[in-house]
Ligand SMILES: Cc1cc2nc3c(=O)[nH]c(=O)nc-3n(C[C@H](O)[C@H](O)[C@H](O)COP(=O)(O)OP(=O)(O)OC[C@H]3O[C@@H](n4cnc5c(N)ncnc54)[C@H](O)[C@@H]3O)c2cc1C
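Presented below, as structure tokens, is a lone chain in the form predicted on its own.
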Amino acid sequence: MFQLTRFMSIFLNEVTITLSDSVLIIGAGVAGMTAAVELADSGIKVILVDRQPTIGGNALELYKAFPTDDCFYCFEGNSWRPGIRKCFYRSAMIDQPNIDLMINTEVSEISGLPGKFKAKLSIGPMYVDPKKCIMCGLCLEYSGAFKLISPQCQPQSVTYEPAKAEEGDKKAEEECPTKAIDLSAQQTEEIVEVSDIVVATGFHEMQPVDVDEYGYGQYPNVITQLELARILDPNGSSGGALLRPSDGIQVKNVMMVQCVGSRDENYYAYCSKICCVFALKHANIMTAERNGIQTTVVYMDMRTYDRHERYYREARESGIRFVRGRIRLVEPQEDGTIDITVYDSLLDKYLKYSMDLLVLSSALEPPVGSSEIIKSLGLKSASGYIGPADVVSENEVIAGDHVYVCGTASGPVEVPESVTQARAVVSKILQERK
């Protein structure tokens, strides 16, 4: 039986929570949710925090997952029932009694000794109570400050963005049928005492605004792979139709360029590992499912490791063009197209193309806050990600004493690897408690 004790401190809006032998999981993406569910199912109390107002992490916006091409919300089911899959939004994240889910929450400070950590949590204002919201859509009609992030979001609730406040906000609050809206909500703080910490903070897609040769941030028809995934998603604003961001015209020709910020001493020297597969997945979707859009991929080296080689074979067989070289010049035209000059290193000549869309495969970089976690817990850094405590051993998920890391918090990995690492963390924690 877990004992829960709360007492108010002398500090305003600060609460201390003591949970016997509980585990704090930072990040509610694929890895964090997998670890949370399996620890909770094993009888261990879990505090799962995420800075976003909904869980799912980057998977919320990645559309289809490789290598299975399923909806990215789905992940492998229990190992003793191979082939069975379950969805994040149906995985008992809300109803599991051993999971204390805290969205819109950041870990602002970690102190204490291994096995007896104290973590200060900064909880953002809860303008919409997800337990009361019935997603009737009334508030969405009154104000653009209210938003439904995804039809599959969890918790099932709309969110509110104060930066987009409108006149209709107050009316939405007054007429909400369940009184779920509180525009006066304030930030609060809690201190939790836990025995173990699992870091599953995921990755961030580099925004290549400083890579001048591509014009990202200047030309609307230059986007990143993650932005392309949002457009291709049938739940997106265009219903999955690939339209030019500048004018909404149907896209006919797309050029992708690999290693933007990756394998580059000016930005990130490491390979982001999954970018090639990510790009080829999108290229194949556009060719097969979006009226045969012509796609050209500019690359230095195609790195489709292991089972992902099939994406490269399928892409070549479907007529997707590959150019080994680098983009030298990007020139937007008045009709919305982009003239792109590419140096082809195999032909040793410059080629010129006219494209509707330029998609940049940006580096995957450590998320905001990784350096603070590394510093506060005395962990090792691996190119800004969290490295294993002992690089020689095979215990890559052990980052420190009673501290674990899984998923892309340790570096770029795909979904199955994230799930495997999360299960390894659960195994380690259970072994420690025998």
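For clarity, every value in this text was computed on a predicted model and none was experimentally measured. All residue numbers refer to positions in the sequence shown, first residue = 1.
Omitted here: the form predicted together with the ligand. The next part is about that form.
- Listed stretches are 211-219, 184-192, 244-252, 224-232; the contact stretch with the ligand in the predicted bound form is 224-232, by a heavy atom cutoff of 4.5 Å.
- Between the options 353, 312, 117, 203, the residue in contact with the ligand in the predicted bound form by a heavy atom within 4.5 angstroms is 203.
- Of the residues 47, 37, 389, 373, just one reaches the ligand in the predicted bound form with a heavy atom at 4.5 Å or closer; this is 373.
- Contact annotation: residue 256 falls outside 4.5 Å of the ligand in the predicted bound form, judged by heavy atom distances.
- Contact annotation for residue 367: at least one heavy atom lies within 4.5 Å of the ligand in the predicted bound form.
- The ligand in the predicted bound form comes within 4.5 Å of a heavy atom belonging to residue 64.
- Taking the partner from elsewhere, residue 30 is found to have a heavy atom lying within 4.5 Å of the ligand in the predicted bound form.
- Residues 105, 106 are the members of 97-114 with a non-hydrogen atom no more than 4.5 angstroms from the ligand in the predicted bound form.
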